[in-house]
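One chain follows as structure tokens, the form predicted alone.
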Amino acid sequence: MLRLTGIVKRFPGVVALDRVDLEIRAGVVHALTGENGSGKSTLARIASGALGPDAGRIEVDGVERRIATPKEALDLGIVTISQELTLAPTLTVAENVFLGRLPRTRFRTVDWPRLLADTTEILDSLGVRVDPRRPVSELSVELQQEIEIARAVSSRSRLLILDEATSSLSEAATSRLLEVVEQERAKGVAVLMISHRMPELYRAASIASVLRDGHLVADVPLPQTPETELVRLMVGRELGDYYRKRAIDPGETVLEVRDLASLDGQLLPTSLSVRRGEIVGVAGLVGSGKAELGLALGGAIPSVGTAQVLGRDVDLSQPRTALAGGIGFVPDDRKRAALLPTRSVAENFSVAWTNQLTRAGIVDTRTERQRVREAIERYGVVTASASSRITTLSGGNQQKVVLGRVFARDLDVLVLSEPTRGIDVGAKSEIYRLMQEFAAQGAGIVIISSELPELLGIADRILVFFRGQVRGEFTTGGLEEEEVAHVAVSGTRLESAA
């Protein structure tokens, strides 16, 4: 269906793709994987008309094509679902699902009843429960991602490109999407699946192309290729102990939360404590309150209740005061809530240190440059230079900047919401190592994640949210995913685990 031959793409100081060949066949789910910065998303953008190659040949159905715009790609049946949301926030769910394809009456006005009915039918088929008349801006990141998926499915594509499309989805929503992928494949649709989540690749794909540093290093069959071999091809080395989990001897209580609740009612009065050296995981479905817990602790949403760090009251009325009280927060939506998109990599790092680098209103630029260089090296950020705009980095490298600037403050409490979303396996391993290091130094860490294997692998305890409250608490030694998932979907524990 699509053949890319000798594709080359250069950016200032970086060769993103170097003579890459890729062939995608109808009725086949083809995985494209590699570390952050390996060129995966660049290749997907070229295939979808969002970016032009510097050299190479593109063929669709055996005919050479120049796909200059996303509209030309859509006309050829090439549809992309990206991890970076492309919805119009002020429009409704229905208008976004059929954006550019709104049904018309015989008078050429919008056929609103048909639009709502068609949207409801598509959402029902995907198991998405949301009012099609609701503005997209009111939805969570996960629901917005599901709207992106609904839009793609409704477009009757011939090639569906999933560029980290599941990075914002829960396990349940991911499972639904993979069912849709299988249905589309059975219809003869070609699927290019870019993901760092190994279980998804092995469940859905039959072949994987591996990119490393802009080069195609291998095409391997799935599931016949062992996961350890696929990871080695991606990162060029053995990862060893992935989570690096260690035995802990928790110290004094570093975070004490009492009756914390959000004013919108999504988070009901919640109490918890975290001790020095402890990593506490937080699980739950979308809308369970787990995301609101992180936002409330980070001072990002209005809340009531109390929080103490080492016995001192923390003002959670705004992010600045929460940070001053010793709580560092990383939000789940880096694009809207964590990045300064028009600024450089250096500025996105140093914004966290401004108060430490300023004397009498003047920034010590020499120290700033040194700290930024050290941070880029320590956190493995792949960038042409510190002065590059942050938006030129891959999503995973943007996330490393967001995490790195919080890690660099040496705070007593870190609250990390979906910290490895869109991060490759090698970078995840490094992030887990850093989390373990900070815990070993005495920090208390709260990690909110939709990936149960991640929580089981990195956390010492797991709190499970259901309808705004903690309904289950587990220690992770010998814990099974099923036990956590049962609480997340029903609010009760399995009888065998009770």
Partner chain sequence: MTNDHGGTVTPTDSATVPTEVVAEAPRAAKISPLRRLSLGRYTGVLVALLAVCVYLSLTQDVFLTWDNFMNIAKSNSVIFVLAIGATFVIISAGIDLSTVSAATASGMILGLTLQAGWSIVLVLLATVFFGLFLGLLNGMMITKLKISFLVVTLGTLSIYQSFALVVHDGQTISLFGKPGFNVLGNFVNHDIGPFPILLVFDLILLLVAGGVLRYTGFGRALFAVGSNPEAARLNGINVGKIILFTYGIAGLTAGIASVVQVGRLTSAAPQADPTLLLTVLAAVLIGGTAYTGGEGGVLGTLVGVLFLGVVQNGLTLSSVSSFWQGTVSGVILISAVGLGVLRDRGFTLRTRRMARSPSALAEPPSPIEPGAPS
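Positions refer to the first chain, counted from 1. Source: prediction; values computed, not measured.
In what follows, reference is made to the form predicted together with its partner chain, a form of this protein that is not presented.
Check all three, R320, R336 and S350, heavy atom within 4.5 Å of its partner chain in the model of the complex: So, yes: the whole triplet contacts its partner chain.
Within 4.5 Å of its partner chain in the model of the complex, heavy atoms considered, which of S175, S206, S271, T365? Filtering the options by heavy-atom distance leaves T365.
Within 4.5 Å of its partner chain in the model of the complex, heavy atoms considered, which of E374, E229, D213, D313? When its partner chain is considered in the model of the complex, the option within 4.5 Å is D213.
So if I measure heavy atom distances to its partner chain in the model of the complex, which of the stretches 91-99, 257-265, 292-300, 110-118 falls within 4.5 Å? Among the listed stretches, the partner-contacting one is 292-300.
Is there a non-hydrogen atom of R405 within 4.5 angstroms of a non-hydrogen atom of its partner chain in the model of the complex? Because a heavy atom of R405 falls inside 4.5 Å of its partner chain in the model of the complex, the answer is yes.
Within 4.5 Å, heavy atoms only: does A16 come near its partner chain in the model of the complex? Contact with its partner chain, yes.
Does M198 reach its partner chain in the model of the complex if we count a contact as any heavy atom within 4.5 Å? So M198 does not count as contacting its partner chain.
Heavy atom to heavy atom, is P341 within 4.5 Å of its partner chain in the model of the complex? P341 belongs to the contact set for its partner chain.
Mind listing which residues of 379-410 have a heavy atom within 4.5 Å of its partner chain in the model of the complex? Contacts from 379-410: V382, T383, A384, S385, S387, R389, R405, R409.
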